[in-house]
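Heads up, the chain below is alone and in the form predicted alone; it's given as structure tokens.
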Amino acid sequence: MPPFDVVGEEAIRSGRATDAYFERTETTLRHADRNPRVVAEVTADQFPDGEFELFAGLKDAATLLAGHDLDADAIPEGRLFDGGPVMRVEGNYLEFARLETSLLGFLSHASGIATAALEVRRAAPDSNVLSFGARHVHPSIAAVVERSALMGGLDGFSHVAAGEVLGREASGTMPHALMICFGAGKQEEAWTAFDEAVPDDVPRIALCDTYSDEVDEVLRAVDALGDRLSGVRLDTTSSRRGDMRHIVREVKWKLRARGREDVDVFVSGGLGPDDLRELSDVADGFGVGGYVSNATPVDFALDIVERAGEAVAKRGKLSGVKEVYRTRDGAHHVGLRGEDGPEGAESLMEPLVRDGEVVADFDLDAATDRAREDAELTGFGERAH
């Protein structure tokens, strides 16, 4: 038995990370000597409904399909969708039947996290926002969380190993545990030791709410670190928080009175989009955790829509191979393959895999740019104001 309850890479690639009924399906089809050529589509909603979500997880999905005798198309990572297919796979069914479970998992989980991150980004478009939520998920998917958070537009993240996977440096300064290790009344010792110990390129952001009033600890941190202090973080638990907007404004006022307007004020602890809207004009930045990392996965399904060239579908699903478009006014349009799309509309489906070879690229910065542009075009998040 492995030391951790983790399904490994080999099991995912081989297709053993699957639901049991796909194994039974393979057994049955091979027994009946049936292996039709099909087109299958991944969808969340059949028709556009105006409730946009951000597409993510495609890089892992493409890696899963690589090496299999099939073709696949998908909308690029970082595009918003609200209906119709986000991906289609064409090939003999047994070539990818047992991959469905992992394929949907890659797309569903990452897209849910990326959508939540984009909601946060749109709530405070000019603030520095970091992803602090990896502690709320299984460590094996920390890089999925942080990559999806970046795709949604967050400025950085806290998880060290995820940074190694993504080629990005993790951010963060000190937890309450550090302060408590020095003891009550010795906050200055903790802040000073941190300043002396960590590299110069690490921002000196002091945690200022461990034992006493936030304003009191902020001013003590100013006295302890002087000009080396670049910011303070307020992470007061919600049960003791009170009027956070007032607290931040008071801290800012006292900093101005000390001539330290240069000290930034960051807020963290159980924040969501509504909190950021409330605080974005007074705070300089935020750490957002569970709202992003614990986001509900997008409910994708994979359905056969064509068999041996014939349009088919289960009840309640739309038969036939489809195309999806972004219209000039930011809407989403779904039509049958071979039909003309709306005038001036942009076709969203692009080649992903051809004859088992991945032909798309997965530039995270480009995906983040697409998410920002699509959010502006579609008005994503505006109705929440």
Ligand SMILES: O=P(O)(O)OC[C@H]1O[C@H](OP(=O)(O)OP(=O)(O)O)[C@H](O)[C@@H]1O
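Treat the numbers as computed from the prediction; the structure is a model and nothing was measured. Residue numbers run from 1 along the displayed sequence.
In what follows, reference is made to the form predicted in complex with the named molecule, a form of this protein that is not presented.
Note on the partner interface in the predicted complex: the residue among His109, Arg88, Arg79, Arg233 having a heavy atom within 4.5 angstroms of the named molecule is Arg233. Contact with the named molecule in the predicted complex, judged by any heavy atom within 4.5 Å, is made by just one of Val288, Leu118, Val145, Cys208: Val288. Only one listed stretch (149-157, 93-101, 261-269, 295-303) carries heavy atoms within 4.5 Å of the named molecule in the predicted complex, and that stretch is 261-269. When contacts are judged by a 4.5 Å heavy atom cut-off, Arg228 does not count as touching the named molecule in the predicted complex. Of the heavy atoms in Pro175, some are within 4.5 Å of the named molecule in the predicted complex. Within 4.5 Å of any heavy atom of the named molecule in the predicted complex lies no heavy atom of Lys254.
Residue contact check for Arg135: one or more of its heavy atoms lie within 4.5 Å of the named molecule in the predicted complex.
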